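Single chain ahead, written as structure tokens, the form predicted alone.
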């Protein structure tokens, strides 16, 4: 039986300057590594056998109804503007509408070969980043974080060349509410193509924010979603690593897991990304960066306003108010991790004091909070001078909140995709052993559950296992 995908494409009907139509570049010997049957069922996809899935999700076979295209966009990368980026190694196959919810979802191949936006690149991906993204985006989904999803991973049967030498090639199939980015708006604003900018605005509102009737309402809605998203990142110790405006979605989803990582020992200036040499996208900077990114969106929306001087004033006020929205969202998330509703004036002090002790003693971010949720104690902090006083104040506060423990267990995962385990998984898969990948994936689909058989995956890295840097997948 062949795979049936109920395509219902809308982006392909936008003006020609939004994309370039082209098929994927065929690969030598595709083999299916993993297929997300649960997600496929939600999307109304009827999968064929493994050979058929490998042909489709490698790009070797274009399924009926697909309209492959590479999207155009621009972006600020580490603060510098690139007027043309675009899908340099990805193709949007098309869209489906979920039969249960009516949500429209993109299906995109990543690593499918060169496009006009490849900038001298080969348009390919190697196995490591494909498995990393598959694992991390599914882990984030299980954690309750808005994110792109993974539908399939396929090995290509042909090596690709990188600085480290030849590496096994692979292709990821990514699912997203859309791939509309801040950089998509910047692309048309930079070209002063107001007609295309208006078409993009109308399309974005219709797809994601049907209640937004003007750019002010759209910006406010995007600010709300991005503030909640970044607050959620902070609460789970997640560091995106490359928060460029082309990686900031209008849908409010986490996208692009190249150098992404979860913190082990807590420190607010933690950086993993090998290309983030100045810490622009460090853990604690993410709130500031998202404000900067949405200021770029506001700038791109100005040409759509009838009075541009008034628009600048309105947008400036919206952006200036964003830090307080982020602080409020973050406070609620961090408070929930301690069973607090942040209604007491001392609640923020309890959060701040705990984080300071964790920083001073190098305590593991995830395990410290989980231990407090499970036992009411943090063994790694017992040596801290202020821990006893802090614990007494915290326990006293919890007496007024009988549901606090349940709240904490729901807010503090037992399992995250730890960097050293991800790297060990990639190393094994490169040698043809996919068992560690499948084990990690299975455990991370239940991050809040106690799983005694997987206790080894909760442990922080030993000194020789510490991952110092993570890398983009290009």
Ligand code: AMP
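Just so it is clear, the structure is predicted and the values come from calculations on it, not from any experiment. Numbering follows the first chain given and starts at 1.
One more form of this protein, predicted in complex with adenosine monophosphate, exists but is not displayed; see below.
At the 4.5 Å threshold, heavy atoms of residue 370 stay clear of adenosine monophosphate in the predicted bound form, well away from it.
None of the heavy atoms of residue 346 is located within 4.5 Å of adenosine monophosphate in the predicted bound form.
Although the partner is absent here, residue 162 lies within 4.5 Å of adenosine monophosphate in the predicted bound form, judged by heavy atoms.
Although the partner is absent here, residue 364 is not a contact residue: none of its heavy atoms lies within 4.5 angstroms of adenosine monophosphate in the predicted bound form.
Between adenosine monophosphate and the residues 106, 246, 264, 138, the one pair within 4.5 Å by heavy atoms in the predicted bound form involves 246. Listed residues 288, 98, 119, 356 were compared with adenosine monophosphate in the predicted bound form; 119 is the one with a heavy atom within 4.5 Å. Residues within 4.5 angstroms of adenosine monophosphate in the predicted bound form, judged by any non-hydrogen atom, belong to 79-87 and to none of the other stretches in 318-326, 206-214, 356-364, 79-87.
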